[in-house]
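In the form predicted on its own, a lone chain appears below as structure tokens.
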């Protein structure tokens, strides 16, 4: 949803507010320690929603205290940036990225190409020629605008079909319908032109779970990587989404093998969007928290034991704000608890697990 109520804000006012927020919420406690979290061997970060950044200073202070990376959750998606054709609105994305820069933290770009979060004018494109022109223009504008500020981009997000064994390997989208698989080549070429010094990635989910469906997804991802490389396109990393679900146990051997295969291709990986979907677990919060922490432990053990990721990030930081509360609310009416901190911003067992893997 577009947040037109903040249209009157400027980048300067957002950054001024960010500076005031930092001073108000952290500096009086312990200026040196609170303004920069302890350095981790693997950078830790989280996605921050613009509205929460503006309206909840306590929540934002949690990012200041714990995150090496702070990046926009939805503000770099197409609908937020170019709702009307040719009219780019960078206010929200600049707010989060500028906040990270103000704190000397890293940031991350998510995402140029996705099958959803597209305005109607994009969804209605039927011409291959128009689709290619629009896609290149969007990537050039966005990557160019943030050149020097965003060191890594999810060029393509969730292009693999949910079940590649069903109706084909690739997800239906306006890009696939108009350009076929070549839209990935076009996107990577445009990103490499506009952001020659940035890391370029494909981001997708269910790459670490047990079962033939997830194995097929890993194979499809490797197919994409090899396809890009065969065409001379640079691909630097894979974003391995950590949306974990108790219905899909971790395939520790399959995940380790996948990471080794990426390494053999010269491609790194990031753990992205980590959370645990607890909607079917018992209502007892202690039971859920321990189960979620154990599942994250299994996931990170398989990954870190094989090769260190380039970063580890969660999809939000506290249970106070989570997409799962709306999309998959707990079946018994309990509050969803998918993230490292609870709704009162207190650390949970999952946070302790994450810190153990990040520790120097």
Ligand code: XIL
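Bear in mind that the values here come from a model prediction, so they are computed numbers and not experimental data. Residue numbers count along the first chain shown, from 1.
We do not show the form predicted in complex with this ligand, though everything after this point is about it.
Based on heavy atom distances of at most 4.5 Å to this ligand in the model of the complex, which listed stretch, 214-222, 90-98, 73-81, 125-133, is the contact stretch?
-> Among the listed stretches, the partner-contacting one is 73-81.
Which pick from 138, 243, 171, 105 sits with a heavy atom within 4.5 Å of this ligand in the model of the complex?
-> Filtering the options by heavy-atom distance leaves 243.
Scan 158, 199, 206, 251 and let me know which has any heavy atom within 4.5 Å of this ligand in the model of the complex.
-> By the 4.5 Å criterion, the partner-contacting residue is 158.
Heavy atoms within 4.5 Å of this ligand in the model of the complex: does residue 146 have any?
-> Answer no; every heavy atom of residue 146 is more than 4.5 Å from this ligand in the model of the complex.
Heavy atom of residue 273 within 4.5 Å of this ligand in the model of the complex = Answer yes; at least one heavy atom of residue 273 falls within 4.5 Å of this ligand in the model of the complex.
Does the 4.5 Å heavy atom contact test between residue 291 and this ligand in the model of the complex come out positive?
-> Judged by the heavy-atom cut-off of 4.5 Å, residue 291 is well away from this ligand in the model of the complex.
Determine whether any heavy atom of residue 279 comes within 4.5 Å of a heavy atom of this ligand in the model of the complex, and answer yes or no.
-> Result no; residue 279 lies far from this ligand in the model of the complex.
Heavy atom contacts to this ligand in the model of the complex at 4.5 Å, residues of 102-120 in sequence order | In sequence order, 110, 114 come within 4.5 Å of the partner.
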